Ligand code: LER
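The chain that follows stands alone, in the form predicted on its own, written as structure tokens.
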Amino acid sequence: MIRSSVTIALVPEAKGGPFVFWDDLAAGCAKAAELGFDGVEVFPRGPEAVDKAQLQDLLAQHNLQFAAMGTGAGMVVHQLSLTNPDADIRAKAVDFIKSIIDFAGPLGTPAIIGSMQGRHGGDVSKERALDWLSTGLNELGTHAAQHNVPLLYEPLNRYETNLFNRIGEAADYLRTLSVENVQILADLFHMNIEEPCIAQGIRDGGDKVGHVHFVDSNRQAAGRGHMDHAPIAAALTEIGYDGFASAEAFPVPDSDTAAKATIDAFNKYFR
């Protein structure tokens, strides 16, 4: 059964980004539970910024699951990526992602690699960048496997990376890795830009799709743009997807309204 989730961002430097709830973990969890979400997806400044005991207490108190944990602060705050030409920076990127895996993994939760994948350009060819990306994903996928959780890799749109933009291409690439537990985060906003057909993109990902960001064409809550979610929901059912549909959306016009619109759309298409 596909489960609902909503994002909570704890990264002051990312203020204004596409996250539904901001700054207050306790308040975000309480509101998520009140609206009927199954889980929360947390984006911290780093693992040290989240009190694990408090998080576990909040999840238990509100009967919520811990859907995923983001690593985007590694790029936003520290300018780290897996394809940086500086080997020391690549090593620090791996260490940062491992720290997120080690926080979330014991709780049964995967880490997300999105912006920290980086890009190629300048003196770095695409072939070289993909070689570095593969090295990083193999090491990190192996590290995640120690906790029996997948690692989530997110294809981004062309304005954010030039490595992989479409789900099918990313799925084919991930199957070349030496580890099998690196899965795809299918973000509907990025897919709306890059895929000729979003539903077919989901089918192209097939069993490699491990997480979904459930949003609309304008990165607002599902139902507040022009995306047709019915065939997307059908495609997810077709591939046997049973993970989270998580709202990584702008809090427009405000967090509570965006969250309510999301859960209403989720119930319409998945319940």
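All values derive from a computational prediction rather than experimental measurement. Numbering starts at 1 and follows the sequence shown.
This protein has a second form, the form predicted in complex with the named molecule, left out of what is shown; the following refers to that one.
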Legend entry - Residue stretch of 108-116, 197-205, 83-91, 136-144 approaching the named molecule in the model of the complex, non-hydrogen atom distance within 4.5 Å: 108-116
Legend entry - Heavy atom within 4.5 Å of the named molecule in the model of the complex - the one residue of Glu169, Asp95, Glu180, Glu160 that qualifies: Glu160
Inset, instruction - Find the only residue in Arg219, Lys31, Arg45, His62 having a heavy atom within 4.5 Å of the named molecule in the model of the complex. - result: Arg219
Inset, instruction - Report whether the minimum heavy atom distance between His229 and the named molecule in the model of the complex is within 4.5 Å. - result: no
Inset, instruction - Determine whether any heavy atom of Leu156 comes within 4.5 Å of a heavy atom of the named molecule in the model of the complex, and answer yes or no. - result: yes
Legend entry - Partner contacts for 234-271, taking the named molecule in the model of the complex and a 4.5 Å heavy atom cut-off: Glu248
